[in-house]
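Form predicted on its own, single chain, as structure tokens, below.
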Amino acid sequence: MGNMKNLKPPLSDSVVRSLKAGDEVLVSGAIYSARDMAHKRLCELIDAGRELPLPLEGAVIYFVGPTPARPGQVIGAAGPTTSSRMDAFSPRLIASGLKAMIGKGYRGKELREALKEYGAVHLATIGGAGALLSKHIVAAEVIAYEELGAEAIRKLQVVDFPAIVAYDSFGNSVYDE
């Protein structure tokens, strides 16, 4: 592991603009879990001009639907969801202050344009390693949409959560190389 960068949300514009595609990062602090249904509901609230259940300014959203926690654990396996499933919603959230997303796989053209326009990044983490990734989550609390079960929005406290900058705020991607 070369030049590892530490990220502590909420992220500032200068921190986001300092990140380049391929940078290895460790995220520590509060991030939020959200998948398809939660993204849809957040965008509906934005469209209606209503208050969101989480602060988007500088926020990091992890595309994850964790499994139930075993006794003595704060969360179950917490591997990333395919990121492109959020492409219809992510540009609106980025325009509203979201600075980073964590998931796996490719993102679409509209999302990449939003990253450049508003100064945000997409981070990739290891798919298939949900049990390992869950060890970096030290606290988890449902904060919205409990009825969605695994897809509820959770506030997660993470320590040294590993990721790679897959898409930077300049339009570069590790997938383009």
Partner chain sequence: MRYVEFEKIAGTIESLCIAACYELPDDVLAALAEAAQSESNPSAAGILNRLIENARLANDRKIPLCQDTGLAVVFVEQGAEVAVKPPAGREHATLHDAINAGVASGYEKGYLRKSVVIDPLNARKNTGSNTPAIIHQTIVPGEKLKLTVMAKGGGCENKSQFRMFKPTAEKEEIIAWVVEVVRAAGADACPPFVVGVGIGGDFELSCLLSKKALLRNLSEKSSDEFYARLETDLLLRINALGLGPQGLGGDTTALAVMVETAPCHIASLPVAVNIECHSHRHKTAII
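Residue numbers count along the first chain shown, from 1. Given the structure is predicted, the values throughout are model-derived calculations rather than measurements.
The same protein also has a form predicted together with the partner chain, omitted here; what follows describes it.
A.B. asks: Would residue 101 sit within 4.5 Å of the partner chain in the model of the complex, counting heavy atoms only?
C.D. replies: Result no; residue 101 lies far from the partner chain in the model of the complex.
A.B. asks: Flag residue 116 as yes or no: does it have a non-hydrogen atom within 4.5 angstroms of any non-hydrogen atom of the partner chain in the model of the complex?
C.D. replies: Flag for residue 116 set to no.
A.B. asks: Contact with the partner chain in the model of the complex for residue 91, defined as at least one heavy atom pair within 4.5 Å: yes or no?
C.D. replies: Residue-level check for residue 91: no, no contact with the partner chain.
A.B. asks: Any chance residue 175 has a heavy atom within 4.5 Å of the partner chain in the model of the complex?
C.D. replies: Looking in the model of the complex, residue contacts with the partner chain include residue 175, since a heavy atom lies within 4.5 Å.
A.B. asks: At 4.5 angstroms, heavy atoms only, are 9, 28 and 74 all close to the partner chain in the model of the complex?
C.D. replies: Verified in the model of the complex; spot residues all out of contact, no.
A.B. asks: Just one of 43 to 51, 138 to 146, 59 to 67, 108 to 116 has residues with a heavy atom within 4.5 Å of the partner chain in the model of the complex, so point it out.
C.D. replies: Looking at the other structure, the answer is 59 to 67.
A.B. asks: Check each residue of 115 to 144 against the partner chain in the model of the complex and list those with a heavy atom within 4.5 Å, in sequence order.
C.D. replies: 125, 126, 127, 128, 129, 130, 131, 132, 134, 135 sit within 4.5 Å of the partner.
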